[in-house]
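Starting off, we have a lone chain in the form predicted alone, written out as C-alpha cells.
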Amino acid sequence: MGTFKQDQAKWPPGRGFPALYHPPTDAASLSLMPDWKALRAEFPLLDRCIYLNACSLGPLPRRGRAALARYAQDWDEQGTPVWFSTWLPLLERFRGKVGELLQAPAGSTAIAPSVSVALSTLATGLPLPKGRSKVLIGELDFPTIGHQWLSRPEYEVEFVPSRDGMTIPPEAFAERIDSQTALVATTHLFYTTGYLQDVRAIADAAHSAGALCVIDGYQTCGCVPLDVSAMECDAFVGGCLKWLSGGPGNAFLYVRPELIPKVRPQGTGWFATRDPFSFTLQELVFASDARRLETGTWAMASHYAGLAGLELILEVGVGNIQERLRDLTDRILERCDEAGVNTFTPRERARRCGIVTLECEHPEDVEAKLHAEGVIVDSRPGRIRLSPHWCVTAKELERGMDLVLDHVGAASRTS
C-alpha cells in the first residue's frame, strides 16, 4: 500500500469543495485598504450588537455559515466516500492555509482540536535537552501554559514576574535562564493586558543557553502578522476561535522543521502515522512531517468553519486588520483617559494589538449589564476586557464606550 501522501494524490477533487474566496491579484487592488463597510456585511452579528469581545470568540462570517451548510450537504449526499473526495483534501488545504498564515515551511504545520491539546502534545513530544528540568513561564500567561508543565512532576516550573502587572520585558526571561532551563514557554500577546511580547528576543535568549522556546499565539493569529521562522521559536500554537472567526475545534501547531524527526509525542493516534490506511497495529511509524503531532479522527464541521474564517482573514490581510485594531484601541484608551478610568494596556501602538483592559469593580455584573444593553465585552478578575472586532464602526465604538464607562463608573461608586 502506498504512503499517506501517495494515497492523497489518488483522491479525486471533491465536489462542493471549490476555491472559497478570490482575493484581488492586481497590484492596484492589493495596495488599497479594505472596504471595512463592505466587509462588515460578512458578519450579521454586528448588526445586532456592539461587539467588543472578538478575542474570546470571533463572530461567525456568512462564509462560515455557508461552509457549515456545505459540510452537512457533503456528508448527506456522499456518505463514507466524502472522506476521500472532500474531507481529507479539505484538511490538507487547512494545513496549507495555516502555513500561509504563519509563513511556515511546507510540512511543518499540524492540526489539533484545541490549543490545550497542541500544548500537551508538545509537552510530551519535544526533544528537550537532557539533564535539565526547569521550565520558564511568564506570570501573565494563560493558565493552560502553566498547567501543561505543572502537571508533570519531572519539571520545576518558574514563573517570570511582571513588575507593572501589564508587561514582562524579554530581559526578565533572559536573566532567569540558566544551565538547568529546558524550555521557555510563553504567549505572544498577554490575554489580560494586550501586551505584545518581543518573542524573537525571548527565543534568542533561550537558544543562547541551549533551551527551547514555545510560543502560544492564540491571541495574535489573525490580528498580528506572523512569521514563525523570523521568530526563531521551536514551536508555535494557535487556533481559529478568536480573530480568525473560525469557531472552536480547529487549532494548529508548528514545529521547526529540523526538530520534527526528533518529536515523539506520548499521546498519539492513527492519523499521526506515516500510512494511516495500512491499519498497522503492531508497529508505530510516525509521519515524516508535522502530521506526526496529530491524533485521531477530526471533527470535520469545525474545519469547514475554520477554513472559511482563515481564508477570509488572509484575503483581508492581517496587517490591515492589525492597523485597524490599533486605531480602535487608540480611541478606547483616549476615552478611558478622559473618564479617569485606569487601564492595564501599553500605550505604544507597536507593543499592543486588539485588547484594552479596564480596572473595574464587580466586573461580572458590569459585563451582564452591558450584555443586556447590546454591548458584548468580557470580564476578568478586577477588570473588563475590550477587544473590538475590526468591523466595528467609529459610531458604534463611541456608543459602546459611553455605556462601558457609565457602568464601570457606577460599579466604582457603589463599592
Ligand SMILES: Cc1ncc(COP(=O)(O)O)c(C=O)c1O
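For every residue, the number given is its place in the sequence shown, counted from 1. Keep in mind the model is a prediction, meaning the values are calculated, not measured.
Another form, the form predicted together with the ligand, is not on view; read the next lines as being about it.
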Answer range among 79 to 87, 128 to 136, 211 to 219, 276 to 284 for contact with the ligand, defined in the predicted bound form as heavy atoms within 4.5 Å
211 to 219
4.5 Å heavy atom contact, residue 308 and the ligand in the predicted bound form:
no
Does any heavy atom of residue 120 come within 4.5 Å of a heavy atom of the ligand in the predicted bound form?
no
If you check in the predicted bound form, is residue 181 within 4.5 Å of the ligand, heavy atoms only?
no
Report yes if any heavy atom of residue 114 sits within 4.5 Å of a heavy atom of the ligand in the predicted bound form; otherwise report no.
yes
The one option of 191, 94, 173, 344 with any heavy atom within 4.5 Å of the ligand in the predicted bound form is 191
Would you kindly say which of 270, 155, 298, 142 lies with a heavy atom within 4.5 Å of the ligand in the predicted bound form?
142
Within 4.5 Å of the ligand in the predicted bound form, which residues of 222 to 243 have a heavy atom? Give them in sequence order, or say none.
242
